[in-house]
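Given as structure tokens, the chain that follows is alone and in the form predicted alone.
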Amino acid sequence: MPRANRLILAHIWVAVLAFGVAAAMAVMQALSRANLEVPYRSARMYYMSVTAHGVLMALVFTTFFIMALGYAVAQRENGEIRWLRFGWIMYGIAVTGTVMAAWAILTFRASVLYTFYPPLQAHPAFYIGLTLVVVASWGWCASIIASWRESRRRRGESPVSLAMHGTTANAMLWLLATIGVASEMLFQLIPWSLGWVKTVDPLLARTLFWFFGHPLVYFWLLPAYVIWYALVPREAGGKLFSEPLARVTFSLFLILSTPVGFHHQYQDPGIPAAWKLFHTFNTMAISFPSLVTAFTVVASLEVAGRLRGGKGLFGWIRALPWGNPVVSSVLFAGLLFMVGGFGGAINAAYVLNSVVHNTAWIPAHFHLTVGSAAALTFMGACYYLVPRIAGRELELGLLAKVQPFLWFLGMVLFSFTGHIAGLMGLPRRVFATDYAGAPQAEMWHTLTSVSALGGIVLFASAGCFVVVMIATLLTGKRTAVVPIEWAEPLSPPAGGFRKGIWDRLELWFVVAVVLVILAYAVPVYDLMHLTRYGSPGFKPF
């Protein structure tokens, strides 16, 4: 096995194990919110599990998978991973940070939820551990950008592959977005948790978190889009409808992903309405590349369906290879993401956001984005990547085929009821939803019960994925290492594509930095010069 493949598989192992632990935490929460008696049920256990699920699923599983995919793309592009030894050092730092954070969470020292909002205070190991994960991811970004530069030099006037283009845009996006969370960790939370300062400014901390928190969504989504654009059309038996359109969307995501964070803080005082409006416009603007992505991917799938013999207006859908878990994962991820996208537009509208803010609508929404568009796509990609990288056949193929269907069913039960319950006023992040038998709370009971059933189905699906991955990695029949094959464009120009303005990611990174300065410089300056009283830390759980 090539040495680079070992680094990719090491990341996959951490991603799969973190996913398994996070899934176990999730089913306990779903049952608890339905007021079902489960072993060890308590508020303390509930908030620990919420934190563990959020951090391990949304931060650890995704980050390690994205780094594995990025290295696989870079290796496919240039035949090597730039700075391989450096990559192993970064991997060691990321694993050390993950262990530190997981220890603090699982020993009840960091029940501060995935958003780690102060004045909830965690053990220093939690903050330092997650900071180490971010530092390691910066090393990954440096390696990806070096690979992109090497590919550009080698290809001359031809552009890098679409997968390399999208992966590099994501690395640049991540470097910009993590400035916010790194500032929060280094200048606020770590000194505060170590006792070097007595109080913390919660509003400034929330602002810095959401500087990072919304582009984090696109850090999850862009690798999913790389898979949707560059991998799935070929697996489905077709071709990519428009490669130039795909390149434009990745550049637009790089520009627009970060200056949008205030739409998560509509209800926060201390931020003038004009700045919230500016971020609202940016949030609506980023729906454009999302719509272009939906159009291009659906068009590519239609091409595949018709090449497979599909007839009529919708016959091409039935002709797609639904039995291929790589394809079915993306198909279901896309269907769920369409609903999540409409929900996101509602969240970004000030008045509608006031209705759903801090209700069950919100977790129901992001389970359709990160929990479906990203996570389900990543699982499907693992069925493709792991056998090729490990040089082993996929084990337990039937479980792999069933798993995406179970995830779709479970997510419909879990998330759709969550949206309805949120509109009926069910708060998010509450341990007991019965409110001592209040009539309003009784209206939620059926919905939370159905949601709990969805959680059980999701857990079964997650179990299938973890079992398939472990069986493949440990016992899969050894085969030759098979290269990754990207989708071909439907109508390439004679002589191939040439570099264009949208391939100049360094230019769009500069534009993104300017837009971030315009969106954040003044409000952050104002926040830092307000009269601030700060808050001591609280550890209620």
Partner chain sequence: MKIDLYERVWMWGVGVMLALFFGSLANASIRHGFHPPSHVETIDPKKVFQNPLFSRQGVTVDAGGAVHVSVVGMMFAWLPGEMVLPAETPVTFHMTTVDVIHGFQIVRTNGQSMVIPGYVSQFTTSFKPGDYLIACNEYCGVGHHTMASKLKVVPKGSWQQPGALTSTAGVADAAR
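Residue numbers count along the first chain shown, from 1. Model, not experiment: these values are computed from the prediction.
Same protein, other form: the form predicted together with the partner chain, not shown, and the subject of what follows.
Three-residue candidate spot I89, L175 and V181; no residue lies within 4.5 angstroms of the partner chain in the predicted complex by any non-hydrogen atom. The stretch among 94 to 102, 456 to 464, 243 to 251, 163 to 171 whose residues place heavy atoms within 4.5 Å of the partner chain in the predicted complex is 243 to 251.
The partner chain is not shown here, but in the predicted complex it comes within 4.5 Å of a heavy atom of Y533. At the 4.5 Å threshold, heavy atoms of L409 stay clear of the partner chain in the predicted complex, well away from it.
Interface membership of P427, defined by any non-hydrogen atom within 4.5 Å of the partner chain in the predicted complex, is confirmed. At a distance threshold of 4.5 angstroms between non-hydrogen atoms, F431 is in contact with the partner chain in the predicted complex. The partner is absent here; in the predicted complex, the one residue of D268, E80, E393, E150 having a heavy atom within 4.5 Å of the partner chain is D268.
Scanning V351, L398, L194, L313 against the partner chain in the predicted complex with a 4.5 Å heavy atom cut-off leaves one residue, V351. With contact defined as any non-hydrogen atom lying within 4.5 angstroms of the partner chain in the predicted complex, the contacting residues in 439 to 475 are Q440, M443, W444, given in sequence order.
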